[in-house]
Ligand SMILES: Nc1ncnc2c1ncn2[C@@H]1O[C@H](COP(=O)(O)OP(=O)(O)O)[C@@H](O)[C@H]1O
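The chain below stands alone and is given as structure tokens, in the form predicted alone.
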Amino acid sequence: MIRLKGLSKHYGNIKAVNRLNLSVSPGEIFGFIGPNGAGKTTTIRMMGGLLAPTEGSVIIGGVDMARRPEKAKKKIGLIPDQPFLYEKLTGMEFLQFTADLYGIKQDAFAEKAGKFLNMFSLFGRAHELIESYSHGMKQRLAISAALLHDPPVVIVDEPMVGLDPRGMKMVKDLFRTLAAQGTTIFMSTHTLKLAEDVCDRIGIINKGLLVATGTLTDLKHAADMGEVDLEQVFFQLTEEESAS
């Protein structure tokens, strides 16, 4: 469902992302982790069509992002780390605006908006201005908007930023449900416990290079470690790469 082929982004002599090759299957939750500045957000922005790669390609559901960007973007629900919301709109108005962009019919919109507003405990605040929302409420609204058009691929950068424990549990349960229904989820996160709990496979990026990918068991083998958690594997792999 997602294919990254030789994906690179250079800023002068700095290789923010360097020839990234990766495939993610339908219904898979893929975790993308790495230190600050490793290239995670740059990769997410290229996948979402917000940033043009220096080299390589992003293929979403068989559609090349560079060649057919509108068709590729319709297959994506993109949730950036700092989602942009029109704060002079109400929550419901913002969802309606998003639905109009995707050509969602009014009957379908009313049903979907109600479902997500209830799921994320926003229904009672739906007609208030977004500028009055807390950060966590804004994050939940952004997730709702990204899922309105039933995208087969969800790309999310730091999904738990600003969420309280109840909101975190809702998002984890939602991702598991979506994946069980065949939705592909590509998730960048600093929260290693989240990646360990919900991801089928994990990729570790460091200094723009994908240094390891696989299940937690695969990563333990790559790091030549025994019964340890993802945090220990992460530090082992990224420290080895930094020292080499």
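None of the values given here were measured: they were computed from a predicted structure. From 1 onward, residues are counted along the sequence shown.
What follows is about the form predicted in complex with the named molecule, which we do not show.
Engineer: Answer with one of G37, P26, P69, G61: the residue that has a non-hydrogen atom within 4.5 Å of the named molecule in the predicted bound form.
Structural biologist: It is G37.
Engineer: Specify the contacting stretch among 178 to 186, 28 to 36, 196 to 204, 209 to 217, defined as having any heavy atom within 4.5 Å of the named molecule in the predicted bound form.
Structural biologist: So the stretch in question is 28 to 36.
Engineer: Does any heavy atom of A16 come within 4.5 Å of a heavy atom of the named molecule in the predicted bound form?
Structural biologist: Although the named molecule is absent here, A16 would touch it in the predicted bound form, with heavy atoms inside 4.5 Å.
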